[in-house]
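The chain below stands alone, shown as structure tokens; this is the form predicted alone.
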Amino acid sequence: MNKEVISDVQGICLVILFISGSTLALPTAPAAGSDLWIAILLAIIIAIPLYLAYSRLLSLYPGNDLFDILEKIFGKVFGKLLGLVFTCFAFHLGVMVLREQGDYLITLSLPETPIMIPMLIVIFLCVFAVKEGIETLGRWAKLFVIFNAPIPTITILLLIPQMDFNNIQPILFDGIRPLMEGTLQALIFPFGDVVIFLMVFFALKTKKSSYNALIKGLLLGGIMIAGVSLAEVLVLGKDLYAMNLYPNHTVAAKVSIGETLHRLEVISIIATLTSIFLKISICLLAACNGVAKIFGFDDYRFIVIPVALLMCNVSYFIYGTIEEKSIWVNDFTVYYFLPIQIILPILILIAGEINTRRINRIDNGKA
């Protein structure tokens, strides 16, 4: 498994798609209202030192993933317990994104189809990809970025005639509190989700590759999200934006140039689904890798199918309705995600720094 190697470019593409994933389909930082684009930019700035901390942790233990690092720092028992926490997080995030994919497709394109059908199709595609490994996912990500990246730019350019800058004026009309709430929302979803890469980035080329992949992926993916969200608010206005389950689809449907170019939302759906596919695959890979490391298996591949089927089943039962899902995501994810995405990684990094310096002192003393 550890013989796999992904290039820096593939790592960047994986992070871009993982960040954009379901984010481009859903409202981002909705609490900030018309200032959501500022909230997203602030979240990017705050995420930079967080990603530097992630990268530093990986560079301290090159060739190891988070589960290996935890055992090296805290020992087998406590290290495996912490690993179980991150494994459950990866599994739950995969469950949420898979359900989002099902809701997205059923709501927009296949209203008469049972939601389990599209979820099963996607999860089996993810099984195939995960069994091939992180290197194959990196190649797919590179290909998908070539297709996906131009679409938001083209959509924004075509929507310029329909944009109304009065929709974002005056800035900070509702005060600073909504902006801070929106910034926290964007920091947790989608930028904080990148903690998953600590569990799968065991195949990077060099010690510095994690810095390139995470920081450049953050900047490129984050700017794309900020640009798309700003365009959506300029076209729809903050009230209609907040009311829409999938504002990206709504604004893409407004693109029309004579009789030659319309129905651009179909391309938007395809681009969104490919990104979601990559995000679910990364979550599934992280969860399977965590289970393998916790129970001491040599490889994660033989448990991919049972974990994927369990993920699909939980996705079906996790929410009753889309409204119930929205309430849970908006009201409770902060308290659940924040410790795992930010607090625990920083504490682990501090412990890792102390452990590394102690080992270096011992080695220097022996020398």
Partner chain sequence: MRKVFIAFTIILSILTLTSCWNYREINRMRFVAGVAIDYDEIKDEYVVTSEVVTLIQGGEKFGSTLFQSRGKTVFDAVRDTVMKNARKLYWGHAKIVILSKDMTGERLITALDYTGRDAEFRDDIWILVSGEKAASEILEETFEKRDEIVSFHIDNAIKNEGSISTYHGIPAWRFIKDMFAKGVSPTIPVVVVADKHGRKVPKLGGQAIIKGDEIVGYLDEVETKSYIWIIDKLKGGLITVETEVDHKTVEVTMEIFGNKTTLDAKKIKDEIVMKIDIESDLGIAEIAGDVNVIEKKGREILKKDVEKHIKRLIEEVIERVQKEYECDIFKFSTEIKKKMPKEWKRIEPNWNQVFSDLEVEVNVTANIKGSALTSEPIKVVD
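Numbering follows the first chain given and starts at 1. Keep in mind the model is a prediction, meaning the values are calculated, not measured.
Missing here is the form predicted together with the partner chain; even so, the following discussion is about that form.
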Contact at Leu143, Pro150 and Cys288 by the partner chain in the predicted bound form, all three, heavy atom at most 4.5 Å: no
Stretch in contact, per heavy atom within 4.5 angstroms of the partner chain in the predicted bound form, of 125 to 133, 185 to 193, 269 to 277, 110 to 118: 110 to 118
Contact assignment for the partner chain in the predicted bound form, among Lys207, Lys72, Lys216, Lys254, heavy atom within 4.5 Å: Lys254
Residue among Val235, Leu137, Ala226, Val95 with a heavy atom within 4.5 Å of the partner chain in the predicted bound form: Val235
Non-hydrogen atom contact Gly296 with the partner chain in the predicted bound form at 4.5 angstroms: no
Partner proximity in the predicted bound form: Phe173 to the partner chain, non-hydrogen atom cutoff 4.5 Å: yes
Interface membership of Met243, the partner chain in the predicted bound form, 4.5 Å heavy atom rule: yes
Asn167 within 4.5 Å of the partner chain in the predicted bound form, heavy atoms: yes
